[in-house]
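Presented as structure tokens, the chain that follows is alone, the form predicted alone.
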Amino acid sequence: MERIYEILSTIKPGVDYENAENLVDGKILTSLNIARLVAMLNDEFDIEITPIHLIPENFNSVKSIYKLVTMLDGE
């Protein structure tokens, strides 16, 4: 999960990612941030986040992003 924090901090610094639960719904991350995040996660974890996965619930918190990454990593 630490690597996800690092990636998010690179994309948009200064956010309290440990406590944020509304990264998408609260408009903390924009669509461009999400696109960059997806590309970085795909490269870093050797996974493929597809359009079907691009729903706010998967990106609203580090926990939800981690859950998505681990699910895709197991496929």
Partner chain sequence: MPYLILIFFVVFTLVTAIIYAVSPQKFRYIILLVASLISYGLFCGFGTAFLITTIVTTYVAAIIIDKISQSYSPEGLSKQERKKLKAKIKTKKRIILAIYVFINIGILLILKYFNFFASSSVKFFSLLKVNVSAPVISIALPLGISYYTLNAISYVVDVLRGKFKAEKNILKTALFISFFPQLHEGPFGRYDSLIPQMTSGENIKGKNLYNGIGRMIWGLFKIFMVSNRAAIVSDEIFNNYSNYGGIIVIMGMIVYTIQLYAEFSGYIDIAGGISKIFGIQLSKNFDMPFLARNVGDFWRRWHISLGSWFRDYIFYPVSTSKLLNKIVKKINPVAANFLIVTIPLFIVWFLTGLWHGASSKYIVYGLYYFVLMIIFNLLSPIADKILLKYNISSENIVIKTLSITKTLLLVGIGMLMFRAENLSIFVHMISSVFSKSAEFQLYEVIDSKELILFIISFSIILISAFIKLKGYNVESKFNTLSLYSQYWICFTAFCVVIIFGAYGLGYIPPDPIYGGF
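As the structure is a computational prediction, the values presented were derived from the model and not from experiment. Positions refer to the first chain, counted from 1.
Keep in mind that the form predicted together with the partner chain is missing from the display, and what follows is about it.
Visitor: Residue 20 versus the partner chain, in the predicted bound form: is there a non-hydrogen atom within 4.5 Å?
Guide: Contact with the partner chain, no.
Visitor: Would residue 12 count as a contact of the partner chain in the predicted bound form, using a 4.5 angstroms cut-off between non-hydrogen atoms?
Guide: Residue 12: yes, in contact with the partner chain in the predicted bound form.
Visitor: For the stretch 10-40, return the residues whose heavy atoms include at least one within 4.5 Å of the partner chain in the predicted bound form, in the order they occur.
Guide: Stretch hits, in order: 12, 13, 14, 27, 30, 31, 32, 34, 35, 36, 38, 39, 40.
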